[in-house]
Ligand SMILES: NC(=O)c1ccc[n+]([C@@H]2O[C@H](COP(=O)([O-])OP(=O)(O)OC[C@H]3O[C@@H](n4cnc5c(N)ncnc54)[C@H](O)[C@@H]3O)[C@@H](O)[C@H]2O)c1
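Shown below, as structure tokens, is a lone chain in the form predicted on its own; questions about how it binds or moves come after it.
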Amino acid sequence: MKILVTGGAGYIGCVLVPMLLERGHSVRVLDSLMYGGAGLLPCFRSGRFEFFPGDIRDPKAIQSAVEGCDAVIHLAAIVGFPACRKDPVLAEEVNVAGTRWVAEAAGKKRLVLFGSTGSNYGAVPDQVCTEETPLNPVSVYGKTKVAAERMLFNDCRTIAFRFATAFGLSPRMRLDLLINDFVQTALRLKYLVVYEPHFMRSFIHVHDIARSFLFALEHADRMIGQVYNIGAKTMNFSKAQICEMIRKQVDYYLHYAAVGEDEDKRNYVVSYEKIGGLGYKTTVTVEEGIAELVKGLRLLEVKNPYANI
């Protein structure tokens, strides 16, 4: 297939694009290079790789990039609570208006795989979230992703993935993600202050996020028109559990603070039975991901673009 990956120079895209090329697909990336594009440099060796510099908010750029493609993997977004809180107007323009242009360009002819988020569930009662759980996003990020998800299902042949919280090394690192942030802080500062340690989260390694898109391309006929939680039952953990896993590999001081709150209100367990029933399974555990992060972040000095948010 010839596949357009919007936001392909990002955290997920830099892992996904090489995997698509390895599977024999032709890949075109559309990206504004907001955070640079060094992670894609090895891909230029392939004759099946193209790069289109462009902004997701530009309908002409989208239309040009979509031409000749069989499928679109839509990753371009202002991602996560901190970045969307910093500039909610930009988040709306990119995540919602930008998705509208993608939907119009893709139409009903092309398959669209959408990288959505578990933040769509927002503040939920004490329950296990399935794909049928009513959406109640409380953050700008969650609200824009819900709007984008609904738009794509209405206008395109779409498969949407509500991912657990990502973690792990990528050529374009994100240090705003909980596990990545905790490991980096424990290594650099030798202490970690955590509030609401009982809050539950689901996690997934960036490698397994990329694998889920490959899985969808191979099983699209059974999946079109549906949304899937992507993760694993074994990857539901509290903040406290994550901290203790890190402490087994890093010597640091841990303090549970009595004040502070998670403004994104994510505190729930997620069911992954639907995607599991089709045969998809994650392959990287949290413990393995922490070990990878410890080794990588000890060696490399990674800047956090969200540090002042």
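In this text, residue numbers run from 1 along the sequence as written. Computed from a predicted model, the values in this text were never measured in an experiment.
A second form of this protein, the form predicted together with the named molecule, is not displayed here; the remarks below concern that form.
Segment that reaches the named molecule in the predicted complex - one of 187-195, 70-78, 132-140, 221-229, heavy atoms within 4.5 Å | Heavy atoms within 4.5 Å of the named molecule in the predicted complex occur in 70-78.
Of these, 254, 240, 269, 34, which has a heavy atom no more than 4.5 Å from the named molecule in the predicted complex?
-> Partner contact (heavy atom, 4.5 Å) among the options: 34.
Please state whether all three residues 56, 116 and 166 have a non-hydrogen atom within 4.5 angstroms of the named molecule in the predicted complex.
-> Every residue of the spot touches the named molecule in the predicted complex.
Indicate whether the named molecule has at least one heavy atom within 4.5 Å of a heavy atom of residue 235 in the predicted complex.
-> Answer no; every heavy atom of residue 235 is more than 4.5 Å from the named molecule in the predicted complex.
Could you tell me if residue 210 has a non-hydrogen atom within 4.5 Å of the named molecule in the predicted complex?
-> Heavy-atom contact with the named molecule at 4.5 Å: absent for residue 210.
Is residue 10 a contact residue for the named molecule in the predicted complex, using a 4.5 Å heavy atom cut-off?
-> Although the named molecule is absent here, residue 10 would touch it in the predicted complex, with heavy atoms inside 4.5 Å.
Might residue 105 be said to contact the named molecule in the predicted complex, defining contact as any heavy atom within 4.5 Å?
-> Result no; residue 105 lies far from the named molecule in the predicted complex.
Does any residue in 169-186 get within 4.5 Å of the named molecule in the predicted complex, counting heavy atoms only, and if so which ones?
-> Heavy-atom contacts within 4.5 Å come from 172, 174, 177.
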